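Next up is one chain by itself, shown in structure tokens, the form predicted alone.
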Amino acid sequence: MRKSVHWGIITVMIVALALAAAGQVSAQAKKNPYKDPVKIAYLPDNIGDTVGAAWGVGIKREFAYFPNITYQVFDGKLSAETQNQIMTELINQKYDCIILQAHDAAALAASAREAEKQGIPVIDLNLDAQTPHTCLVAMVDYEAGSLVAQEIAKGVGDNGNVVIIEAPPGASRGINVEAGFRDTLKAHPGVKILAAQDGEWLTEKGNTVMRDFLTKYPKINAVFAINDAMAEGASQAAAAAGRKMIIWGADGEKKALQYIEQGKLTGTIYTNCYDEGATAARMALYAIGAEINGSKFTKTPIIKMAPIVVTKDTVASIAEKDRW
């Protein structure tokens, strides 16, 4: 299996060098994040989400090497308003860095901008804030959608009907994944998109949306759910209705891998989320030490983790220790 941790580390180094070359890094750091006391916050969209929890494990593992770091996790509760309130508190409490998964790209922009203005680097994970800031560490998004489109087109023999279970409106990753999927399907005119509906990232909602699709459309050949949780819900609904079809997700969570092994799910795009969280943690330490001034950026640097296309033929390549 390809080691995404190596890819992540190398990319962090490349980004760091690029930032330094661009003159956005100060010559002398006021804090040594590996020795001086620092406070770092992690603010996911939803503390109970599988992906967010895996990132948290990766972050915590990385920071465990440094007893000088105070690391705290806050729950965004699937609410941009809640996240903005917490961001304000973190800025007022002068945290040294914030690792954020923005519930809504536009709604979190002002908070991220204010944090950077106050000298607090913002490292986003997957769901980005719509403003230039220190760094975004992400799964492939547009590319993931494109890969799934290719797999579905191949699976239906370039002729069939597809439905999409979408991410919530305003979620940057969902927008990009779906764009990659739709753009790539343009090269396969025999594959028709029947409908698309928001599944709110949730298994239960994905199930509900899929049941609605099954009622409305007698012939569905394939489903693309923007994340694995919704794909699992779609799989459950299709099985309950006795309908067989191709079903793809994107993330690579442990349960989805089990579904693939059991023949309940066709495939997913896997990312090692432990490594993704660890990469965000490394970038946070670098940003603090180098005094990166993200408020001066005109574009957010992006670190993309290595993807793996997983099907029943390749799922065994994902080691148990890398399943989150």
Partner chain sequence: MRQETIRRLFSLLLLSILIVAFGATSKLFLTLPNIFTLLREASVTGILAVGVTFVIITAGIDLSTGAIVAFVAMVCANIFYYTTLPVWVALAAGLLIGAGAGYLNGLLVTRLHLPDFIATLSTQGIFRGLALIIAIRSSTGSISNKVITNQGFLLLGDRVSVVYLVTIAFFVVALLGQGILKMTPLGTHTYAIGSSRKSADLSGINSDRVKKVAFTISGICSAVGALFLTARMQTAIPELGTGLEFDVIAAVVIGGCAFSGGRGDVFGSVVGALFMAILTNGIYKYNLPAAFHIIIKGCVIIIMVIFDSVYHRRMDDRIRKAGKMLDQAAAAAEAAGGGAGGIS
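Positions refer to the first chain, counted from 1. Just so it is clear, the structure is predicted and the values come from calculations on it, not from any experiment.
The same protein also exists as the form predicted together with its partner chain; that form is not shown, yet it is the one meant from here on.
Which one, Q236, T208, N221, N84, lies within 4.5 Å of its partner chain in the predicted complex by heavy atoms? Exactly one listed residue reaches within 4.5 Å, namely N84.
To test your reading of this chain, name the stretch in 247-255, 109-117, 157-165, 224-232 whose heavy atoms come within 4.5 Å of its partner chain in the predicted complex. Result of the contact check: 109-117.
Indicate whether the candidate residues T70, E89 and P169 are all in contact with its partner chain in the predicted complex, with contact defined as any heavy atom within 4.5 Å. Checked in the predicted complex: all three residues contact its partner chain.
Whether H133 contacts its partner chain in the predicted complex should be assessed with a 4.5 Å heavy atom distance threshold; does it? Result no; H133 lies far from its partner chain in the predicted complex.
Partner contact for Q150 in the predicted complex: its partner chain, 4.5 angstroms, heavy atom: No - in the predicted complex, heavy atoms of Q150 and its partner chain never come within 4.5 Å of each other.
With the partner left out here, check for me: in the predicted complex, does some heavy atom of A80 sit within 4.5 Å of its partner chain? Yes, A80 lies within 4.5 Å of its partner chain in the predicted complex.
Is there a heavy atom of Q197 lying 4.5 Å or less from a heavy atom of its partner chain in the predicted complex? The answer is no: Q197 has no heavy atom within 4.5 Å of its partner chain.
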